[in-house]
Every structure is written in C-alpha cells, then in structure tokens.
Ligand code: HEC
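This document opens with one chain alone, in structure tokens, the form predicted alone.
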Amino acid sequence: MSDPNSTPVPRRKPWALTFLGLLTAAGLIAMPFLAGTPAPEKMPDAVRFIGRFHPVLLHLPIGVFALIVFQELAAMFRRRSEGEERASLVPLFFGAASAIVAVLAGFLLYQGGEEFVGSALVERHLWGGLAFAVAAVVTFLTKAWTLSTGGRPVFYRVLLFGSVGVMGFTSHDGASITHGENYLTEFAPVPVRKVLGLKPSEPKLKEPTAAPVAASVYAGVVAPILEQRCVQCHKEGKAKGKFRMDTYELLVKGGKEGPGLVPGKSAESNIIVRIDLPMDDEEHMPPEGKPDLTDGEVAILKWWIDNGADPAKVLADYVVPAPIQEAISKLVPPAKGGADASTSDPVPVGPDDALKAAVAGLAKEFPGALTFESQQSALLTFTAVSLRANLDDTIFQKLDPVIPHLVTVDLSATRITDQAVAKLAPAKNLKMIRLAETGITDAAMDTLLKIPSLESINLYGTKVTDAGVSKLSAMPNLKRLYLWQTAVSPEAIKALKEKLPGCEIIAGIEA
C-alpha cells in the first residue's frame, strides 16, 4: 500500500534527446541545400556504392512503422501499463533511426545517379523521404515527452498517422520511379480509380493484322521498335538521362546529351550512336540485361533517319530497299492469307490469354523470376537471382509451357545441369543466356547450337572445355561470350576469335 504522505518521484524530461533529435531533423532539411545540384560525374564510387543500398534499407522503416500503427490501434481499445508504454518507445526509436539511414542512402543515390538529375518525380520523392524522416524523429520526441509528462497520447497519435501517410505517398513515388508512374494504379478497379481521380483504363492494343501501308512508317514500324526496346526506361515518370522516347517530338528533342536524332544523319543521331557502341561499353543501349536490338531493327532505324525521319510519311512515299522490306516484314505480321503468310516469322506483339494464364500459374513457383519483356510483347525474361540454389533440373522443367517465349534467361549460380539446358531447345527467340557457376558441361553446347538467335552466352566458372566451346563457331549471330575461369585454353579462344571475328570473347586471359 502506497504512503499517502510520500512525494511522487519526478520523471526525467528528455531534454538531451530532444536536442539531438531536433539537430538531426535540421541537418536532414539542410542537407539538399548544402549539397547543391548533383554532379554525378564528380561523385566517388564509394558514394554510388552506398547509395545502391537505398532500395534495401527503405523497407526497414516501412515495416517498423506498420507494426507501430498496429500496436497503437490495439492500444486504443486496451489500456496499456506504464511499462508497456515505455517499451513502445523502442520500436519507435528504431523506426526513426532506420528512416534516417534509408534517407541518407537515398540522398547518396540521388547525388551519384545521372539518370535522376532534373526529374521532378525524383526530387519530389527525395523531399518526401526527408519529410518522413523528420516526421519520424518528431513523432518519437513527442512520444518521449508524452511519457515524461504523463499526458494523453492524442497529439502523438496524430503525428504517427500523419507520418505513415507521408511514408505511403513517398513509397508510391519510389515505385513510380522504378516501374513508371502508373505502376501501382495500372490495374486498379474502376471504383478505386474514381476515388483517386484517375482516368478510365485505356483499352488494350489490338494486334496488327497487316503491314503498315496506310500508317506512317514512324507509327507503324519505328514506334513499335522503340516501345519494345527503349521506352520502358525513357518515358513519363522514368526518363533516364532526361530523355523520353514515347512521342516523336520528345524523341527528336532528346535529353541531357542533346537531340535524340538528327533527321537525315543517322551517324550523328544519339540513339544510333549509343546502339552502335561496343557491347561492353557502359554507355551502350539497351544496357546489359536488356534484350538488344536485332540487326534488322537497327537497319530500319538508320534507314528511316537517313531518309529524313518524317513522322507522317508512309511506306509508299519511299523507295524501300529489299533488305529493309525484309526486315519490316519480320516485324509486322502479314495479312491473313497474304502471299507471305507462310514464310514470314512475325514477332509476337502481345501475350494472349493462354500465355498470361501460364505465366500467372508459374508466379508462385518462380516468384518475381518470370516477366514479360514489355506490355506489348509476348516474349518473356527469366532470372533465377532470387532462387539460386533452390533451382534444379526438376523444378526448371515446370517452365516447359513458356520456353518458346523466352528471350533472356539467367540461370547463374543455380543447380541446373545439361538436362535443364536441353529443355531450352524450343526457345527460338532466345538472345541471351547466363549459365555462370552452374553444373553444365560440353554437352550443353549441343543444345545452344540449336538456338541460332543467341547473341550472348555466359559460361563463367563452368566445366566447359575446348571440345565444347569450339562448336560455338557455328553460331554467326553470337556477339558476346564469357569464358572466364573455365578449362578453355588460350589456343581454343584464339581459334574461336578467328572464326567469329564479330564476337567479343571475355576470358580473363590473353589469347
């Protein structure tokens, strides 16, 4: 029983904590002003390296604050003891601290990434992240003062829910930067779109049924090539290098490096210059990991630019050389029953319902590994980066229904063997395959020979030998071959270079 004459022990006020917290908040707000305009070319590699951890670190405060909100909602219906109230400060401190770390990493990523300079969306995301970190610090201090004074937590909860709201808005911007501005809302139901004030969903593109004789060359031929190969990284909300390619006007205007194209001069047009760079040049476009343009697509772009790059002219307005006619015929499906219907190999222009269902059915078995190359393409990319040692030959064979649609495959560091590679024989659209650090042998080379479309093969750290690699000399389309840390001899590499002069061989040795 307490003594009625005793004097209550005064609670310590968090003055020191408040001073440090407000100092941190002030530093965060001042940071962009002190750093000034980003100059990526002057940033040391250490800045870029630390900044790349931002996508990993940002999930910590999101998870912590989601837990805190759940705890506070529960506390509104159940009175907590003083000990429980004080214990709740720990996750709040960790949430605020992790928010600060994530924002610092994001700021370094912004300072070192040239693709972010001048993007209004990126700058809004930056300030949103700073606002959330500052709000998290203030929320933590408010909670500490509420406990020290014995006050009611009303103001603290208002700040908490407000901070989470800012976090949600900022997270949406982050997803928009990475995947495009409509990433979270693209498939939103009609009622949700109305609440958010969004326009109705646009109808799906119809599959073309004939060569674009009536349509302009730009709209019917050039734009689809750019849409499939380039627009994913150069569009509204995600314009790398401040360069958008989703409209003719913006394509010509260009970005940080000047005009995108110079009508009549393909050799001076930036898009062609970047395409023609060596594959190992970091400025080469599309970047490594993205499907490269075919020789036919490049030829079409150069021909169109050299002939004036007119957005309105149709095919009938040009004298079209035979090689360009052939390249165009392979891009656009001919009219049903037309003369070329049996000889042309049309490029898939969109996934049908059966393919969509097959991909959706494999999503659980291969989470995040199997994706469409673009919204308008029926071609697929597969990467085992999240599976690694969990992927073996037995599991890989579940991909059989979609293998003909694969355009890039990354099986690096998995447990697959020659048996799995043999399953890829029907992948006639396959352009890049990575088999680094797997259990394949020379036997896998026999399968690769059946895929003449292959342009890049990575055999790093495998057991292939001279006997197997020498067979690849029969692949004239091969542009890049990785043989580092294999049993292939310098003599075999030299012989292969002589037979494939257009193929870059990366072996880590002089040959």
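Heads up: residue numbers just count along the shown sequence, starting at 1. Values in this document were obtained by computation on a predicted structure and should not be read as measured data.
Although not depicted, the form predicted together with this ligand is the subject of the following passage.
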query	finding
The single option of 285, 395, 324, 222 touching this ligand in the predicted complex, heavy atom within 4.5 Å	285
Single option in 245, 430, 421, 435 placed near this ligand in the predicted complex, where near means a heavy atom within 4.5 Å	245
Per-stretch contact check against this ligand in the predicted complex, the hit in 92-100, 396-404, 274-282, 154-162 (non-hydrogen atom, 4.5 angstroms)	274-282
Interface membership of residue 128, this ligand in the predicted complex, 4.5 Å heavy atom rule	no
Proximity of residue 143 to this ligand in the predicted complex, heavy atoms at 4.5 Å	no
4.5 Å heavy atom contact, residue 168 and this ligand in the predicted complex	no
Touches this ligand in the predicted complex: residue 235 (any heavy atom, 4.5 Å)	no
Partner contacts for 240-258, taking this ligand in the predicted complex and a 4.5 Å heavy atom cut-off	240, 241, 243, 245, 255, 256, 257, 258
